[in-house]
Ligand SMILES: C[S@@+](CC[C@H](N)C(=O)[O-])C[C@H]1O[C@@H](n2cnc3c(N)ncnc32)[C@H](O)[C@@H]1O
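Take a look at this single chain, the form predicted alone, given in structure tokens.
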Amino acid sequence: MAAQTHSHTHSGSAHTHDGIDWMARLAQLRRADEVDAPAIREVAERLVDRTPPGSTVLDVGSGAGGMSVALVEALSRRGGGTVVLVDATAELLDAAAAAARAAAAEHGDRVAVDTVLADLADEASLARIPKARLVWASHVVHHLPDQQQTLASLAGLLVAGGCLAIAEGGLPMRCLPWDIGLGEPGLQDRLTTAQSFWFNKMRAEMPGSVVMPVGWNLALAEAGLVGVNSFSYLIDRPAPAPEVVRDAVLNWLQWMQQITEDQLSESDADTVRHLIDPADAGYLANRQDVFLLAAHTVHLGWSR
């Protein structure tokens, strides 16, 4: 999902604390939102059902707006409320807000949509964000230098009895057969290992990075939240997958090429180049055995 979601800037730049140009990935983020939409709607319903009618909900790190739309729809079905989109990248924030406002209009404009351009690592930015009954942050915290402090900042955005829900962790995505007929079998496992190396390097090289050597449940408790628990949801798009799923997997593989090629063997790097080349007989987007299976975990905690 940028802004912190996938993003974190100091002004309106599309480059964030992690050094990633999230604006350049807007089309990919939108495609991922489309693939995940059915599952995300269920998550939004589950979270909104825990809030009183008319609540204010924050989507922190709103990215391309997939969850923003789902929250608008869920609140609309409960009579209304307010969704505030928060992101560190101005261009992403505008795109997500447009999608959320279109969803609100489709449901009778019972939900107000506001935006805040903010960097969670900046106290002045935090002061511009309103308090809310529900704060959602998907794959945001791990892109910020001090994850524990970020959780404390997010917890500070809750009204009394409010819920912080962060999507972090789960199981790595699977999308390729073990043997794809190119190179050595087991490419996906090696890509996952290379991605983990990149992630550790990204965290280590992030300016001001602070380690958080505990699990998310303990970190939420350390942030002062109570009733900490979690649930996981599944993204299951089996083969033969529709074009949008194959395109999403292709986008993922292109991203893997960017961040992991220096970790891959020459043979694996060559295999990836074949898979992402539209002129190649092995072009991934034309394969009928591509699928997408992933599990994401949502960790919850409540303010006192």
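For clarity, every value in this text was computed on a predicted model and none was experimentally measured. Sequential numbering from 1, following the sequence displayed.
Below: the form predicted together with this ligand, not depicted.
Stretch 56-64 is the answer when you ask which of 275-283, 245-253, 261-269, 56-64 has residues with heavy atoms within 4.5 Å of this ligand in the predicted complex. Interface residue remark: residue 118 is counted as part of the site for this ligand in the predicted complex, having a heavy atom within 4.5 Å. Using a 4.5 angstroms threshold between heavy atoms, residue 287 stays clear of this ligand in the predicted complex. Although the partner is absent here, residue 101 is not a contact residue: none of its heavy atoms lies within 4.5 angstroms of this ligand in the predicted complex. Within 4.5 Å of any heavy atom of this ligand in the predicted complex lies no heavy atom of residue 133.
Interface residues of 134-148, taken as those with a heavy atom within 4.5 Å of this ligand in the predicted complex (partner not displayed): 138, 139, 140, 143, 144, in sequence order.
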